[in-house]
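Same chain, two versions here, written out as structure tokens and called structure 1 and structure 2.
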Structure 1
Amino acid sequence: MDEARNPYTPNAGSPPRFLAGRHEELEGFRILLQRLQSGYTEQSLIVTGLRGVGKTVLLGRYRQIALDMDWVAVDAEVSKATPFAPQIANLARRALLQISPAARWSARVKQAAGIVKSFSLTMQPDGAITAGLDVDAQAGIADSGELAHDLPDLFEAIGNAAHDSGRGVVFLFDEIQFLSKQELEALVGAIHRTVQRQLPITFAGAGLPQIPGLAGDAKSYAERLFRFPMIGELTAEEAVEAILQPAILEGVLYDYEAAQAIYAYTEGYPYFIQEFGKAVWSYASASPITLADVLAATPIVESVLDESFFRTRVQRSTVEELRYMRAMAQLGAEEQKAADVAMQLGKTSEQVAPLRARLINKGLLFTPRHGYAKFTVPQFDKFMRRHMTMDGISANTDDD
């Protein structure tokens, strides 16, 4: 098979040739923008789900929908290594400069530019993120240095500028579980302000399944400001579409048994489907791709997933953390009670609680309900059982 025409894209956030099973989420975002354009208020969106289900891809589609509707879309990935306040200041600057060319700024837009500059200089006094804002800073607005007070002023200013220019603005944030409680509180407060003012500005984010709880802890009214659609594995029909359609676009077919075998192995998880599709395309010599091709490619897929998807999740884990995850994996893929994991380790829940907290903080576990935890990565239990002993040591000598 021609490698240059391999239609599968198992890269982080890379859009697939055929996006299966996400019509409801895409339509929901389109309706959100349409309502705001018409002067109605609507809840912002935070998409949640495990690793590898396509949250980043969905954010990319949201961005394209916004651009197609002549909205300004600015996007960023939240990281513990990147200070959030300067990051949001830069996004606000970018949004304002895209709303309208500086030469055509109205008085309202110039005022917004002054507020953006005021916020930016407060958060990063060296002026590095004020390029293009050739106005005086607006003293007394968005310059207190308290993010919870200043961010709502910033969002209101951007929203007013957008409204005055007949545009809309959407902020798109990935990995928002890495926001601190204070940062998330400020963001929720800013969205609340724009809803109160009925401004054409909104937010769409993506993160791990603990986000609804974190947002609720930050602000009690968060559940009324946001919808939290959770995306997961594809249905059997959707998964088969995701397998077949990219190949069909290149004139290649699959035997029925081959497609079903890929679905059975991947359990419908989109990233796994892309990885398997790429591997079997490379292995197969001709169309149609057969069950024999799929079976021969399976060890290749497993090896690639182990190295590129699973192992990177644990490289910065301590031996104690690995032991905890191995004990949890021993109990299965489902959510596990903290006391049961502790029992596997011969300890009490209180003794292992710090380990569990660290793993949640690292994004390796989440808490679907009180007293329980689950892996954020699908099939992670299988990986741990393949490669780790109960002592948290590699079970493969060539991994040492």
Structure 2
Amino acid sequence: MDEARNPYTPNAGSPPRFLAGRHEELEGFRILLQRLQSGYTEQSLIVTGLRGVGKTVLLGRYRQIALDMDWVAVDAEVSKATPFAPQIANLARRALLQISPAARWSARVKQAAGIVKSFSLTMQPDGAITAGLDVDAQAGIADSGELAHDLPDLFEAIGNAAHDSGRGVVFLFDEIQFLSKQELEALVGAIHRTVQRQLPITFAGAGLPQIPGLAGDAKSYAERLFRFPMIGELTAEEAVEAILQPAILEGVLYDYEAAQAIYAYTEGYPYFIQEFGKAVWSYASASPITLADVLAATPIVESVLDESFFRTRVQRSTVEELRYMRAMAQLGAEEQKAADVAMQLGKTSEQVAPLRARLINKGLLFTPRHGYAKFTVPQFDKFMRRHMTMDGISANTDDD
């Protein structure tokens, strides 16, 4: 098929041509904004899910929904490399400048600008993030240097400015598992303040599934301030839509069995669907795409995933970790009892528990229920069996 018109998007954060499912999560966000707009309070949203399920894409949609409702939306990706306080100072500055143009600032908005400036200068004393804030810094507010004190002041100021201008503000943060405990605590405290004041300002985040626990540790009332919708693989029906719809937009159809076979391979995992769609589009020569096309494209998809996706996961693992996962793969793709994996390794559960915990922490395994673990992505068991010896060493030596 015409490669220039390949409609699939197997890239991190890349908005799919057709967003399948996620209706509840989208509706939940709309209701959140509507409620805040009308002066009700509502829990902020933190979307959690494993790698590649579509968290970044969903945050992108949230941004669009906010803009469509005439809210100010500012977004950032949290990373270990970028300090959070200056990052949020910059977002606050951008939010304020978008609430209303400086020439039309009311006394309230000017005051907020002074607070944003004081926060910015406290967190980044060289003044690098104060462009457009041509006001004096407000002394005594948001300038203690303690994020836990200053962030609530900052959010309250922005919330007041938004309220005064008849607007709303949403902060969107991706990868929030990278926030430190102190940063998360400050953020929870800031949201708490804006809820108490019933201000039209909120926060929506996305991150790996360990977030609810982290936030709960950070502040006991976090669970009441936030909802943590978890997203995962698409249902069979949604997955088929995710496969068919992008092609239909280009006038290309699939045979029923072809779409079903892609669903069977990908198990509804959004990133794999895009990768498979892309490969089968490249391979097929005419519409409708057939089961034979899908079968022929399968080894292509497999090698693309091996080279990029699976390989990078393996490269970040120690030999011990690889050996554990290889033993688990030997037992099959389904969830495995910790004790069975330990036995496969000739060890006790206690001996391998720290190893298992590390793999869960790295997002390679998850625990569907107590005492069990499963690979976080489909086909990983087969990759391990194809490429690893039981010793956790790459089976094809020319691979590395």
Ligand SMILES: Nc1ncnc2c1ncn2[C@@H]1O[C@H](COP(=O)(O)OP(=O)(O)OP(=O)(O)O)[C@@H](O)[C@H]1O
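Every value quoted in this text rests on a predicted model; they were computed, and no experiment measured them. In this text, the rigid core denotes the largest set of C-alpha atoms whose superposition between the two forms falls within 1.5 Å. Here, residue number means position along structure 1's sequence, counting from 1.
Here the form predicted alone appears as structure 1, and structure 2 shows the other form of the same chain. Once the cores line up, the CA of Gly39 ends up less than 2 angstroms apart between the two structures.
In a rigid-core overlay of the protein, Asp164 has its C-alpha displaced by under 2 Å between the two structures.
When the larger rigid part is held fixed by C-alpha fitting, the smaller one turns through 12 degrees between the two structures. Once the rigid core is matched between the two structures, the CA atom of Phe310 is found 2.6 Å away. In the rigid-core superposition between the two structures, residue position Ala333 carries a C-alpha shift of 5.5 Å.
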